[in-house]
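Quick setup: one chain, the form predicted alone, written in structure tokens, and binding and motion questions come after.
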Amino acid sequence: MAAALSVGEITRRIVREARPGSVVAASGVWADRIRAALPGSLGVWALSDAGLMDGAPLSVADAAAIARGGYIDLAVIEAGQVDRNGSIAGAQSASGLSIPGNAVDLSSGAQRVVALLPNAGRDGVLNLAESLSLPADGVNCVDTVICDVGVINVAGGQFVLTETAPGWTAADLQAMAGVSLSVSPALRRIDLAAPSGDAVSKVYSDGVGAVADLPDGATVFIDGFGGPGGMAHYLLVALRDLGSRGLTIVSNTAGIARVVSFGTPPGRTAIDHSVLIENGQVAKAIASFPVSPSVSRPSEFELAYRRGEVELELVPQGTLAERLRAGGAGVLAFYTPTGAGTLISEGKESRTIDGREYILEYGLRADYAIIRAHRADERGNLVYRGTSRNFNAVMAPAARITVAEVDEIVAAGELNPEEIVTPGVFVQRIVKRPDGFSGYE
């Protein structure tokens, strides 16, 4: 019988599943093997269960949040068993005990799942089943099975053989499968050539171009604390000039930097959310501090609210931060004691836990986030400075498209991994703040 593929050859076949700019996650030694085999031109992000993203350290909790948040394009899970509905038992669960490791996170959060059965040719069995006899770590999630003798797609309750290793036939694989295999009419030999392609650049030449497709009615995350620090002033002006209407803005404030004047040079006016409100672009704000601390100096949002032009959803600051974090981490809802028994709890589900009342809050997601950071590399990894870290870092993972305004863009690899707060996997676009641009009018 022909030789089975080596570990290196299996790795090369796995890498062919990656697409330029995508996120590929794997566990154990396979993560290191895949990362080493990925062509640099693809710009693929390699995530390991040890909490490494392209070699930069993440916490295991953050790595799991990336999975739950839907950022993984391809998950590679070493399997103990796969059934024809695409359910999988991880290799660690093959003893019969449920030892999921990260298989549960990967199988539930990835866009595509590849089940890896690396020793089929050596063991003489493919570990395919009509239904799982081992504890399931993922249900109806596997798209493709890669083993050392072939590639099998899982679709419509069928195992479809699409590729065979050199020297192996469809009959050989059927003999060791233990279940019936359909054979693709386009059955071919496994291709081990390195994939080609280049990742799309994230760097934009100007602010308007970076937000040009932000549509009417979008939900937009915008940083903001007490003063003007940390806000993407250049992008705020670009969004004003773009003119998108009916926006829901989510921010700690709804534009009070202009009236507070904290940190603002004498005779100048801070650029903040007010530029959008004055321009009639905002329909609703979700915020913690939407009003001015001075009754005699109301903010633009307050004035628009009094006129009935905008809606307001008031959220305690800590709850806002957690709703953002939960949204980015794929946590749909959570219970918190904050606001229980107050106006904040009106109309919300509540539950008594350990004798204390908690209210249900939902994670927040947005179509866009316009955020501010100090430095970025070309892959979108961000380093913050001062107050720019407050809400920007927690907003970035929770938006479909995150646009970062930065002071400096450097080549990939030039940032110290220990300084990176927001991994570039959460950032889709970068624009350099023009030299001489001021956050004040």
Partner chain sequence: MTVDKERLDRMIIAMRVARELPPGGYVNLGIGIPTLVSMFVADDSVVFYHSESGVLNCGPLAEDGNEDIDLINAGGQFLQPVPGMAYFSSVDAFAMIRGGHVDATVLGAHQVSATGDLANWMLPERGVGNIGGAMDLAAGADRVIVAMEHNDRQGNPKVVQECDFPLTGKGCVSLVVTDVAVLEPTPAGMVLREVAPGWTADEVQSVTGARLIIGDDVKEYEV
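Remember, predicted model here, so these are calculated numbers, not experimental data. Residue numbers count along the first chain shown, from 1.
In what follows, reference is made to the form predicted in complex with the partner chain, a form of this protein that is not presented.
- Among residues of the shown chain, Thr342 is one whose heavy atoms approach the partner chain to within 4.5 Å in the model of the complex.
- Shown alone here, Arg325 lies within 4.5 Å of the partner chain in the model of the complex, counting heavy atoms only.
- Contact between Ser294 and the partner chain in the model of the complex is found at the 4.5 Å heavy atom cutoff.
- Contact check for Pro316: a non-hydrogen atom falls within 4.5 Å of the partner chain in the model of the complex.
- Contact annotation: the partner chain lies within 4.5 Å of heavy atoms from the stretch 294 to 302 in the model of the complex, the single such stretch among 270 to 278, 294 to 302, 188 to 196, 175 to 183.
- Proximity of Pro228, Phe289 and Arg385 to the partner chain in the model of the complex is complete: all three residues have a non-hydrogen atom within 4.5 angstroms.
- Comment: the partner chain is not present in this chain, but in the model of the complex one of Ala64, Ala393, Ile409, Ala46 has a heavy atom within 4.5 Å of it, namely Ala393.
- Interface residue among Arg68, Arg389, Arg375, Arg35, judged by heavy atoms within 4.5 Å of the partner chain in the model of the complex: Arg389.
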